[in-house]
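Next up: the same protein chain in two forms, each one alone, written as structure tokens (structure 1, then structure 2).
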Structure 1
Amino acid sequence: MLKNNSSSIEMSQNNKNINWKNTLFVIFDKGSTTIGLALLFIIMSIITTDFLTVDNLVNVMRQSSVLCIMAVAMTFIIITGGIDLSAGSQLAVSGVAVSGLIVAGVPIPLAILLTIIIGGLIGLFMGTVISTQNIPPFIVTLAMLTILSGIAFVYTEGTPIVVSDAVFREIGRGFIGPIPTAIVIMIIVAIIGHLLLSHTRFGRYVYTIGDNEEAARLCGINVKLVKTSVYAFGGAIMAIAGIVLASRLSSGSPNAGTGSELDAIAAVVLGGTNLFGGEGKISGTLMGVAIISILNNGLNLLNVSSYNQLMIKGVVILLAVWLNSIKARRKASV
């Protein structure tokens, strides 16, 4: 509304200016960190010749696939006002499960399907506890973080399950035409996530619950069911992330994925999703994922030493968000 205002004010002054300004507004309005991402991209392209190559961009995307898939699921959960701290452990469990099944001789498609079902069931369990028992998601998923990790370790006795199957490796390492399979999977998940969230009733219920749970209930939305479904859906998607990761590493390790929940949450929040729920977009999340991945890639390309990477990462993330917050404030004061 305000944007319209300001552009209509411009309109009367200078007609050429508007379209340009308008376009910029549209781009910069998508996520919360668009300016930051754009600047990061430009700076990286300038300071290292290795960054802006097709090869490297494909490389970055492929690396970000696991994080991206996780972050899509996390976006749904956070928009309901929830959180999933067990995402990393879910990756471990599903990686171990799919590897264990394949090693045990289960055909690959079936192993994958079963793993996704297991992931869905884990999510279903968490969602049920959260929505029916009224326990904060933070606590439920924190408890599940250690429980699931424990299960993965007990199941494998701490030793990764190696999958030498070449077909399975294709998921994380192979190509479909010129595009890595992992990227294709990531894109499909992101598109499904976007459609579901922004263009179906289910998605709109997700927002409504996160925004005003009471209003949702009074409008006849089955709040418990929707919440439970979000975690179950999330669990299935986390399982897909776990499968891609296991394939990339050719093994199911109970250590895999540990701690990645924080990256996923960070990507979602960087992308402008409100940690208190009700607000957020898949497109924003993609940008958050891009920032984190490009940053990691760039620092490696630039051969920055490991301790300095820590500091630089923090500063860049802070600056990226800060740039957008300036914009937001300038907008508000128009």
Structure 2
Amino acid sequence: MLKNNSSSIEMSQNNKNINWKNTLFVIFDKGSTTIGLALLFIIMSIITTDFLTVDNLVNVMRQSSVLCIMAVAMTFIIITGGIDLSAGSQLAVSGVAVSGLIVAGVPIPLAILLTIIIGGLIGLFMGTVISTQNIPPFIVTLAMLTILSGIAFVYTEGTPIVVSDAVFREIGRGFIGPIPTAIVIMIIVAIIGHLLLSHTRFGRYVYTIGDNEEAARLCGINVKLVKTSVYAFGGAIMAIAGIVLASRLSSGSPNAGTGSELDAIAAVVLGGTNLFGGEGKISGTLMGVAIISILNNGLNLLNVSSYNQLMIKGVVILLAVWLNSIKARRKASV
């Protein structure tokens, strides 16, 4: 009898310990991005006096607009269990396309629309290949990274296409009232992404496919169509990011966007999106973008060399993926 009682007490204590551990894990899981962002903001405010100024903070938001737009598209793709390594090259192609069209005399609204269509078609092609041929997204998008980069260099002959039109420059440099136009575009894209992902049947399908593709198929979801649509949508959004970047640079450069796909992936993962699919939010992605943008800005203010910045950002990406892997394993064991 005494043995049974002591065994029961021991089991009760073990259950309490497990519950406390689970509670702590949930708190860390839900608040880790917010805590990380707050700590980074405080650290940068302390170590450099130039960081916490209105002009610099507005500049951070403006510079983060392109990354944020890219990250919204990447969030959809990663939630389905996919990846897009061609995002940087899509930026270059979009910037080159819109700049070339404007220089050729095409009206700016039409040039922008055609560029977005081109981006959508690029995404549609990748999505079709991935979903119908069962080729891993990593391979398809890696190949497209090279192909699109080559197209941009061939079209421009390695020379940026300079756009002198003042109206076009307003997209990346202008203001709507007191707010930079690029930030307004970023907010609109983020809101559209949030509404699509959280309040539509399409968004529910995206989550379901990422969580369990076979179960989604058995539930009657057209998995191929949804995955293809996600990449097409992503391509169109990447084109918008390319247009904003080209406007800010006043040119379409084949080198623009190089390596930006890694920043976008890091921002999405830092924001809590599961790299293996099925989980993520646009709100989390926005915080991930803020972390990457503040880190970039702070390192520039501290005059850290570009080579050292690459190493630091690489460590951040590795850390984000490692934490994501730990979270996935922890949830699988619960």
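Just so we're on the same page, residue numbers count up from 1 along structure 1's sequence. These numbers come from a predicted model, not from an experiment. For the two forms, the rigid core is made up of the largest set of C-alpha atoms that agree within 1.5 Å on superposition.
Two forms of the same chain are shown on their own. Structure 1 is the form predicted together with a further copy of the same chain. With a cut-off of 2 Å and the rigid core superposed, L52 has a Cα displacement that reaches or exceeds the cut-off between structure 1 and structure 2. In the core-superposed comparison between structure 1 and structure 2, the C-alpha atom of N274 has shifted by less than 2 angstroms. Annotation: Cα of Q309 displaced by at least 2 Å between structure 1 and structure 2, core superposition. For V321, the CA shift between structure 1 and structure 2 after superposing the rigid core equals 9.6 Å.
Taking the core as the fixed frame between structure 1 and structure 2, we note the C-alpha of I42 moving 2.7 angstrom.
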